[in-house]
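Only one chain comes next, encoded as structure tokens, the form predicted alone.
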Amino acid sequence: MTDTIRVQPGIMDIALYVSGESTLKGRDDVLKLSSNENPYGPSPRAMAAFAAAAGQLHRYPATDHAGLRAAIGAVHGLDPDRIICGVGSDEVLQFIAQAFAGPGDEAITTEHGFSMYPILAHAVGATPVEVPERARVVDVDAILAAVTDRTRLVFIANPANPTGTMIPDADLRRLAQGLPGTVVLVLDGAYAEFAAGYDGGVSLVDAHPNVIMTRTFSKIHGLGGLRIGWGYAQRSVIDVLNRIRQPFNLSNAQLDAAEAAMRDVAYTRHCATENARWRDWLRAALVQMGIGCDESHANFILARFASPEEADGADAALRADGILVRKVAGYKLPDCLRITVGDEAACRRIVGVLAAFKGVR
């Protein structure tokens, strides 16, 4: 008899994550607007810190991430002892799934929710349970109705990816209050810095021991290539997560660059201001030419076309001009394209191509 390696439950149910395209065959002038990257790049201070770290590549990094946690705490007014850092916020989300769910458990996701959430559930043997959204906005009542005695996690991105919509504050509080204490509410705030007046979930974390918020340096801080993220929760939860975190999960270069980026508050504010300016301009221009767009609170626009065929045609027109955006049929949005908000030149180029495609001036 031939022995075979046993794969853990759920692993083979994972649909592999597909990232945004970055190249077009035959072109070296591609405008990449498919991955929600910061068009202005990282803070000059972060780049200088990364370069300086090159002389210490032979040294092991600190295992406690004290400098970075202190910087995050100082800028956001948080207790550094309640912060955990990871290889992107994805790793922090992985810690959460690993710590609080397993075979036989359920993790609630939403209709257009980030595709990593079902992957994280399957990876620990849990079952993802998808609930409908309401006009591309997370439906709190649908989530609460889906909770069973097997529910262990609820994954919410706010602002949401790929829709860019947000849950009203009152509904978010109602969700946190309505969940049993045995269910962990995960507030993924990858785009929180782009949403004016939003604290990313801090007040809910402080009020509820079963709420965890995550953030990333990949978006507004422009450090997607370095993979750095963090989470904030009550101390007892952070203590659990740190028990499964690898001690050297972040390098000195990552830690130093992220700390410099976090402390460069003026640069972060500049990026948020420019994003809001061109996000609003781009949305207004698309709506004027008959392309549907919900109000976005992130650094991208979800453009809704009349049909999947029109969306495909718009994507083809953009690609012909060397522009890459994100098709989101896999998110049950076959008639939509997700377009990263670039700088002024990028936004004007997008509008020019789509206006020509639509036959409008």
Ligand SMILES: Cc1ncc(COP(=O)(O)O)c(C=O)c1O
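What you are looking at is a predicted structure, and each value in this text was computed from that prediction instead of being measured. Numbers follow the displayed sequence, beginning with 1.
As for the form predicted in complex with the ligand, it is not shown, yet the points below apply to it.
Residue-level contacts in the predicted complex: of T110, S218, T165, Q254, one residue has a heavy atom within 4.5 Å of the ligand, and it is S218. G88 is the sole member of P128, G88, G73, G125 with a non-hydrogen atom lying within 4.5 angstroms of the ligand in the predicted complex. Heavy atoms of R136 never reach within 4.5 Å of the ligand in the predicted complex, leaving it off the interface. At a distance threshold of 4.5 angstroms between non-hydrogen atoms, N161 is in contact with the ligand in the predicted complex. Mapping the unseen interface onto this chain, A190 counts among the residues with a heavy atom inside 4.5 Å of the ligand in the predicted complex. Interface residue remark: R263 is not counted as part of the site for the ligand in the predicted complex, having no heavy atom within 4.5 Å.
Here the chain stands by itself, but in the predicted complex one stretch of 171-179, 235-243, 286-294, 111-119, 111-119, has heavy atoms within 4.5 Å of the ligand.
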